[in-house]
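First, one chain by itself: the form predicted on its own, in C-alpha cells.
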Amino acid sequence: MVELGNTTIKRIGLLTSGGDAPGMNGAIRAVTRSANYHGLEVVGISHGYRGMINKAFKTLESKDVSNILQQGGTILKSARCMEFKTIEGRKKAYDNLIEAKIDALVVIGGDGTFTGAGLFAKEHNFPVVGIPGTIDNDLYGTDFTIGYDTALNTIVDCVDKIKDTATAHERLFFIEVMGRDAGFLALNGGIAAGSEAVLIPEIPTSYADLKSYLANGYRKSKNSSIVLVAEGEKEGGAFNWAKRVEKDFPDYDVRVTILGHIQRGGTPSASDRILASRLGAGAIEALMDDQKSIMIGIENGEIVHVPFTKAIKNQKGVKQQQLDLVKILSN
C-alpha cells in the first residue's frame, strides 16, 4: 500500500494495447514483480482497453510472469476498442476499475494507447503511467521504445538473406518495412544492412533522384542493389516505386519484398529485455512518487518522465547525418 496525498494505491491495473512489440512481456514481468516487491497488487487486464470495459481482470503474481521474458507478443493480448474512444465507454471502464478496487493504471503501447490513456486520466482524475512499446520508435521523449531493437535486427537479418539472392541474380530489390508515420526502421535498417537508398515518410524523395542514382550508379559499380522503403512513404510504397523503375529501366531485374508482420514477432533482443525491465520498474517507482499522465522513457541511458501530451504531439525527427551516411556509403 502506498499513500499519495488523499489517494491510497493498493492495486494497479496493467494492460497492453495497440500493435504488439517484442519485449512487452518483459515489461509485464517487471511491473508485476516491482509492484509485488513494494507490497502492491497487480491486476492484469486482457485485450487492452476492451478488457477494461468487459471486466477481463486477473490478479498477477510473480509465478504468473515466470518464463515470459524471452517470449515475443504479449501474454495480456491486445485488441482494438472503438467503445473506449467514446466518453461513455471510458466512463464504463472507470466504473469497472473502481468496482475492482483498482487504484492506478499502467499501460504499455504507442501513441494511440497514450492518447486514450491521457483522455481517461483527465476525465476521471485517475493515475495512469505509460510504458512505450512500439517497434516504430516514434514516441517523442525517449531514445528507444520497447520492440524497436528486435524489429531492427529482424529487418537486417532478412535483408542479409535477400542480398544473397539479389547478388546471385543481379537484381534490384525494393524491400518494404513497417513505419507508417516514422522511418526509423527503414533508415537504421538501411545503414545496418548496407542498402543503397532508403525512402521514408519524413523526407520526401523525388523519383528523379532515385532515377539519377540508378542511371549513374547501379550496374556501374554494383551487380545488385537494395532499397528500403517505409510503408508510410508518401509515393505509395515499394510496389509503386518498383513499377516506375521497371517502366524506365526495362533491362533491370526488379523485385519487391514486403516484410510485414514478421517484424513484430520473435524473441526480444537483450537490449529490449533490459529496456523493458528498466521501464517497467520505473513505472512503479513513478506511481509511488505520485506521478500521473506520464510516459516512462529513457534518454542518454537515464529514466525520464514525459507528459503524455508531449510524447504524443511532438514529432521525433530523424537525423540528417544518418540520411547523409546512407548516401555516402552507397557509392
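Residue indices: 1-based, along the sequence shown. In this text, the rigid core denotes the largest set of C-alpha atoms whose superposition between the two forms falls within 1.5 Å. Quantities reported herein were computed from a predicted structural model and do not represent experimental measurements.
Below: the form predicted together with a further copy of the same chain, not depicted.
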- Item | 4.5 Å heavy atom contact, Asp289 to a further copy of the same chain in the model of the complex | no
Q. Would Cys81 sit within 4.5 Å of a further copy of the same chain in the model of the complex, counting heavy atoms only?
A. no
Quiz item: Does a further copy of the same chain come within 4.5 Å of any heavy atom of Ile203 in the model of the complex?
Solution: no
Would Gly194 sit within 4.5 Å of a further copy of the same chain in the model of the complex, counting heavy atoms only? yes
Only hit among Asn96, Thr257, Asn240, Thr115 for heavy atom within 4.5 Å of a further copy of the same chain in the model of the complex is Thr257
From Lys211, His169, Lys91, Lys101: within 4.5 Å of a further copy of the same chain in the model of the complex by heavy atoms is His169
With a 4.5 Å heavy atom cut-off to a further copy of the same chain in the model of the complex, the contacting stretch among 242-250, 155-163, 81-89, 128-136 is 155-163
Those residues of 95-131 with a non-hydrogen atom no more than 4.5 Å from a further copy of the same chain in the model of the complex are none
| Does Lys319 count as moved between this form and the one not shown, where moved means a C-alpha shift of 2 angstroms or more after fitting the rigid core? | yes
